[in-house]
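First, one chain by itself: the form predicted alone, in structure tokens.
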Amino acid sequence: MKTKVLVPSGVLGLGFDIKAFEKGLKLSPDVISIDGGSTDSGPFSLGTGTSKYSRTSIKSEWRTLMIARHKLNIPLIIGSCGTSGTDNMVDWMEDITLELSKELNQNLKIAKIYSELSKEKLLENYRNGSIANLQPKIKINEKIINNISHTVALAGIEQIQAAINTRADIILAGRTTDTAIIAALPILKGSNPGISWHGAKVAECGALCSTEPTSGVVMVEFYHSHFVIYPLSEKARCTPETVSAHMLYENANPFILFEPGGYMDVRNANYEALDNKKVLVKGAKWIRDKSYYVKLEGARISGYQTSSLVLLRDENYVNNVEQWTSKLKSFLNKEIKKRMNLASKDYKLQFRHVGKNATLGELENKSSYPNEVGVLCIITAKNKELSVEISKLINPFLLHYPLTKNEELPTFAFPFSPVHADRGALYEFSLNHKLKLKDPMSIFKLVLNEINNV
């Protein structure tokens, strides 16, 4: 039994090669699978339940996929709807789908998988000991749980297969593992689980496993004992090196991949080039856990931020920017305490030197002598008003604070007016845990919606 999975891109909204996609459609895939989200850009999307990608881009690409699905009469699956996979983002993706179904005059059967946990459900599982730590450990207690904005569980193949079995045309899934939306159908149709999970891992980011990562589109053919993967773009090629290397992507162990219900082991995998584009892979094993666990993700507000940017071009200040900001920070902490009666625990003051060490900070090991440095001042406090007030207090000192006592007051450049930018709520990930389930569907909800436009 052969199962073909067409993966247009690593994520919906990123774009893909239309000609390559059309070439893939001519190969008669059994399903089109695409990821819709990630935690790559931090906790904001999960904390707010909003999409990282533009609705316009999502709708444009989803239109192309819906037309293709309708033409071939095959399922279309998206996981982690709206970046974070929260319940409202599944509904947001359904709204886009309904708009397009009217525009395209399509009748549809939609299956929605909700993966969000309420605070009450999370507390219940915490109290009965069903939640276990992952590494690195993050502190969790009832107070933290009550402050979490959104919590999602990462669905695996079982939840996707339940939706496939409804014979839905389109499956809109909440938070899922990137691989589950690709592995679900091959395993359902009899492919070896280890082979299926391995092929899904390689294809999860589209053509990232090829020599042309931005081309997007790949096809994976799953058989019982092996899979074959190849890109659809004319210039792209898959090689044993590009395919095997993807086990290193976003994975702490290059041989082991944990998924709901077990883990995949590729230590005995073999990679064989069939030609200059295709690679055949076999040998991966699936080890089933005694208990079924799903990973949890949660985010909460940890404060409110404002930022200010000042540009330094004076050579003396550029060369001594670390000394200047260290001295300025010490002075400002004293001023904040004196004028606002705030203790150091009530706020956080950070400086980053854009153009010198803004990314790595003290860990930077390269020395450079730029013509100018942007000093980014970040204030984090317990509420918006306090964060803004501190930013206004330090404003004149960012503009005029001297490096030494005996010099005239310097004047630097503010690129914006007002200087401070209100960044709003600052979110942080507050869960790195797994939840034990007796039934893989027990916390997930499957909802069907049939649309008749014709």
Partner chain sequence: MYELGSIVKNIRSKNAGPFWVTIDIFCLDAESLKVILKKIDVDLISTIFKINKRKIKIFKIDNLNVIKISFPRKVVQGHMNDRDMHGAQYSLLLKEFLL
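Positions refer to the first chain, counted from 1. Keep in mind it's a predicted model, so treat the numbers as computed, not measured.
Omitted here: the form predicted together with its partner chain. The next part is about that form.
In the predicted complex, every residue of the candidate spot (Q135, T359 and L431) has a heavy atom lying within 4.5 Å of its partner chain. Among heavy atoms of R127, none comes within 4.5 Å of its partner chain in the predicted complex. The shortest heavy atom separation between T325 and its partner chain in the predicted complex exceeds 4.5 Å. Its partner chain in the predicted complex is not approached by N146, whose heavy atoms all lie more than 4.5 angstroms from it. K338 falls outside the set of residues with a heavy atom inside 4.5 Å of its partner chain in the predicted complex. With the partner omitted here, the residue from N268, Q161, N316, N253 that has a non-hydrogen atom within 4.5 angstroms of its partner chain in the predicted complex is N253. Only one of S54, N406, S41, T411 comes within 4.5 Å of its partner chain in the predicted complex through a heavy atom, and that residue is S41. Comparing 213 to 221, 242 to 250, 119 to 127, 97 to 105 against its partner chain in the predicted complex, the single stretch with non-hydrogen atoms within 4.5 angstroms of it is 242 to 250. Although its partner chain is not shown here, in the predicted complex the stretch 322 to 349 places heavy atoms of just one residue, K348, within 4.5 Å of it.
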